[in-house]
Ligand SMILES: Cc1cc2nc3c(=O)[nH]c(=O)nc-3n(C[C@H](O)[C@H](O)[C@H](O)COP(=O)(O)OP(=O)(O)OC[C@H]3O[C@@H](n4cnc5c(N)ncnc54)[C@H](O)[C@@H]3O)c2cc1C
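This document starts with one chain, in the form predicted on its own, laid out as structure tokens.
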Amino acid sequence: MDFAQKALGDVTLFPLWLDNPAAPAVEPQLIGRTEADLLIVGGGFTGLWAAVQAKEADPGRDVVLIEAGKVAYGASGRPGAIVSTSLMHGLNNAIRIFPDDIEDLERLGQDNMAGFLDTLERHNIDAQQTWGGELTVAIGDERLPDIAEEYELHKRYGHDVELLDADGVRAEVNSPLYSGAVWSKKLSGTVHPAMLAWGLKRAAIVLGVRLHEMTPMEEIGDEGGHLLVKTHDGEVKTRKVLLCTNAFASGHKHIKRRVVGIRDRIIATEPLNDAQLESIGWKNRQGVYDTRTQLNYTRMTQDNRITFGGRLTYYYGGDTDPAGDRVVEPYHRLAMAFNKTFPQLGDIRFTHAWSGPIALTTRMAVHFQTYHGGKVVWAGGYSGFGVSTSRFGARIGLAKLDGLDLPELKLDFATTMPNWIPPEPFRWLGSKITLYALDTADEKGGWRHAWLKFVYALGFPI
């Protein structure tokens, strides 16, 4: 029996974060008719941040939030939950897509994390936050130039960063694969995503938001002066709707033209014992992601588990609940990657494994779509750092919906959209070739690198 079979032998196919007795009671579904000044659709991070910010800005505003299932049971209950000042999926990606706005985006990212921290303090939200920073690690000496470039880039824009050699990074997180790293130390770290979402839910309710779970939206009707949003058992008459549906992309048929529901997977270990902790180090508990073509990201939880993510995949039509994610076999390759990263944990067991869609665009960053003459705004497209960036996405989405005259609304990120993505079957064919190339490019090279360069030229920064 190989490592993966043994380690995954008793795994639970459900997110670790949501398997928690601290989960709050489910709010009643919406039954019958109601009215609101603002309707928020989606009870993930973007919707929750929007609800809190809307009520704090205007306590008299009547805000209703509806969630198709339970709060945080979408992408917000599944991430690795590494938080950062980055608003556009990393500094390199921000420079790639918005080179003229980079200084403004850096300032807005700092402001966003300051607001994030302030909200946790003011609303007494315990999200098991740990501010040990983030590590971008090189896998192999051939990736060291990438790390050096990352370091210089962050220094140029005033980040508190340290460049680590192989000994330095292994003193932080002991993996034989790590040959160097950039350690970004300020305003970044990790949180427990479900506890953050549940804390925001409580804050929203205390502020006066009317929150309804188990209330799927079925239709938005534009009746001129107002919108009529029909749910499974009710309807909401409102002047404005903020769609916070991210990879599920519900609310308008055109949203999916620019969004692909790519899935990634995460596994979580049992709590490490003292000897295992000693073998790993990781006393600063940074969030970690590496430089491989098919990257992995990992972090330590408060109760000393390691979560380890990666292994992108795609199901035809962007299926959000495929049967293939409810069996153990797809997690074997991820488990083997874990074993190569931390071979000293050869006897570890995984308690949880899970997967779900993330909203991939050609920007790999948040964007905004407007419908029904400006009465409806969709905010989403987070491909990384969405736990913290969603606060920013919610703020900008609300500002666009309310027609505010903010300087940031004139920047390119707020006035343009990512490229259109071809429909099926081209999405499926392209994704299968691309994901196979990602899986094998580092080992086999050849046509795979040419294909990945072609995909990059189309706008996908992989």
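All residue numbers refer to positions in the sequence shown, first residue = 1. A quick note: this is a predicted structure, and the numbers were derived from the prediction, not measured.
Keep in mind that the form predicted in complex with this ligand is not shown, yet the notes after this line are about it.
Contact check for 51, 87 and 418: none of the three has a heavy atom within 4.5 Å of this ligand in the model of the complex. For the chain shown alone, residue 433 is not a contact residue for this ligand in the model of the complex, no non-hydrogen atom being within 4.5 angstroms. In the model of the complex, no heavy atom of residue 290 sits within 4.5 Å of this ligand.
At the 4.5 Å threshold, heavy atoms of residue 215 reach this ligand in the model of the complex. Remark: residue 78 counts among the residues lining this ligand in the model of the complex, judged by a heavy atom distance of 4.5 Å or less. This chain is displayed without this ligand, yet in the model of the complex the stretch 381 to 389 from 250 to 258, 136 to 144, 381 to 389, 345 to 353 comes within 4.5 Å of it by heavy atoms. When this ligand is considered in the model of the complex, only one residue from 181, 244, 365, 200 comes within 4.5 Å through any heavy atom, namely 244.
Screening 151, 297, 157, 314 for any heavy atom within 4.5 Å of this ligand in the model of the complex leaves a single hit, 297. Contacts to this ligand in the model of the complex (heavy atom within 4.5 Å) from stretch 35 to 69: 41, 42, 43, 44, 45, 46, 47, 66, 67, 68, 69. Put simply, residue 355 and residue 251 come closer in the model of the complex: their C-alpha atoms are 3 Å or more nearer than in the form shown. Compared with the form shown here, the C-alpha atoms of residue 250 and residue 318 sit at least 3 Å closer together in the model of the complex.
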